[in-house]
Structures are given as structure tokens and as C-alpha cells.
Ligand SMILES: Nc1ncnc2c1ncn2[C@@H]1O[C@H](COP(=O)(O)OP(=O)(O)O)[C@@H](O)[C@H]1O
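Before any questions on how it binds or moves, here is one chain, the form predicted on its own, in C-alpha cells.
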Amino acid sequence: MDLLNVNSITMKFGGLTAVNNFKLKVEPGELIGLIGPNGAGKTTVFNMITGLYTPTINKIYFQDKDITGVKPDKIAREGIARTFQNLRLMDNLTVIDNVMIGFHLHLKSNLVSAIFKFPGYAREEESIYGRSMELLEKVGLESYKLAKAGSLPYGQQRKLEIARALATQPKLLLLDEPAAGMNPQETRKLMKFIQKIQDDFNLTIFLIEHDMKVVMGICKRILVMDYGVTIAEGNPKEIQNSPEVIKAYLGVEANYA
């Protein structure tokens, strides 16, 4: 069974077609990359999968369940988590508080229990704190637990955003340009980190990235978009040698003569 089945979706904004006939089947355990020039439609694809946009045409299925147009919080509960190109941390909260927010997605206690601090809510909060500490240890952020998220070095902030996504207990993790703004050393560490969390958390990962070293270094399968259309799909070597991809990035025809 496919974990994710994106069934030839199209997204239109008025007269503009941002994504046209995008299709993708993802099996459990894959690490897939999505690349393309700016404005190619990559983030629009992510936004449709995570419920921020509803495809104009066709459906998206997750574990054989139609999630087309389902609200983002419900999609997260189904097991899809994401990060964003621009960091969306709670800068004034501590590192551990940011992670606990992720675990709250599956909180069983209601708002009344939280307001009046009923025993059931207190037990859940204690459990979430413990699980948050375990998660911080797994991702190497335990020493920062009481630091304000906004005070962390940039690379660690990226890692924290991923950790918060992991706290929602996803089966599929979408990473939108995780290496954006990183220097080469931070990027190398990030590549190892992504591979580690995939193994440690039994994840399927789908990522958008402009840094070709990241995509070619860790992804087994890569899709390339240009002007809202998928122009190539294959392994890293096939993508590197694709005339369509070379033309999209360089604006010239490939010449192998």
C-alpha cells in the first residue's frame, strides 16, 4: 500500500495554473526530493498535501484515505507533519515548550480540564514533558531545553523546528528547504541529521531543497518541477544528466556533443 498517493492534482488561482497534473506515489520509508527553479510550484504542492490549499482538480490520498481539502490540524493528526521555508518557532518560549506544543496535538484532555487543572490534564502534561525531554535527547538539543528558541544558533533553530514536527508523531514528514540559510558545515550536519531521524523514527520524508548537495546526497528519488509541471523524475544520476533539468536551471539546451 502506498503511504501517499497524489492523484494528478492541479491548483489554479483565478486564471493562473500554479501546479498542473502533479502526480506522486510514496512508499513507506522513502526519502524523496522535490526541486525546481523559484516559482515552479513546489511549495504549492506541499500546501495542498498539508491542507493549506485544496486542489482545484483531483484528489490526495494518505494511507488510502481521501485527505483532499481536510483542515491542516486534522491532516497532522492523520500523520503528516511539515516544516516551513521560513522558521515558525515560538521565539519567546523555551526549547522544551516548543516541542511540547507538538505533543499537544494528541492531547486527550479538553480546554476545561486545562483551565481548572484537573488531575487528568496534569498527568498528561507530566507525560508530555517527559516525552519532550526524550525527544530533545534523541535530536541532540537537551542542553538547550530552557533556552529561548529565538536565542539558538540558526542551525539549531532548524533542528528544533524539525523536532517540534516529530513531536506530532508523523508517518510522513515534509521538509520545506531545511538547509535554507545554512553554511556548508551546518548543511553537512543537517544531511546526517535527516538521515538519522529517518532511521530513528521510522519516517518517510519528502523534502523541497535548493541545495543540490543535500538533494543529491540523501535522496534516492527526485522530482523536478518547472512552471507548475513535473519535467523529470529519477535517481540523482538520472536527474543530473537530464537535458530538461539542465535547460530549466540554466536556460540553455544541453549539449553532449
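All of these numbers come straight from a predicted model, not from anything done at the bench. All residue numbers refer to positions in the sequence shown, first residue = 1.
Omitted from view is the form predicted in complex with this ligand, to which the following refers.
Figure note: of the listed segments 24-32, 188-196, 41-49, 66-74, the one touching this ligand in the model of the complex, with heavy atoms no more than 4.5 Å away, is 41-49. Only one of 94, 85, 169, 157 lies close to this ligand in the model of the complex, with a heavy atom inside 4.5 Å, and it is 85.
Candidate site formed by 13, 18 and 53: every one of these residues places a non-hydrogen atom within 4.5 angstroms of this ligand in the model of the complex.
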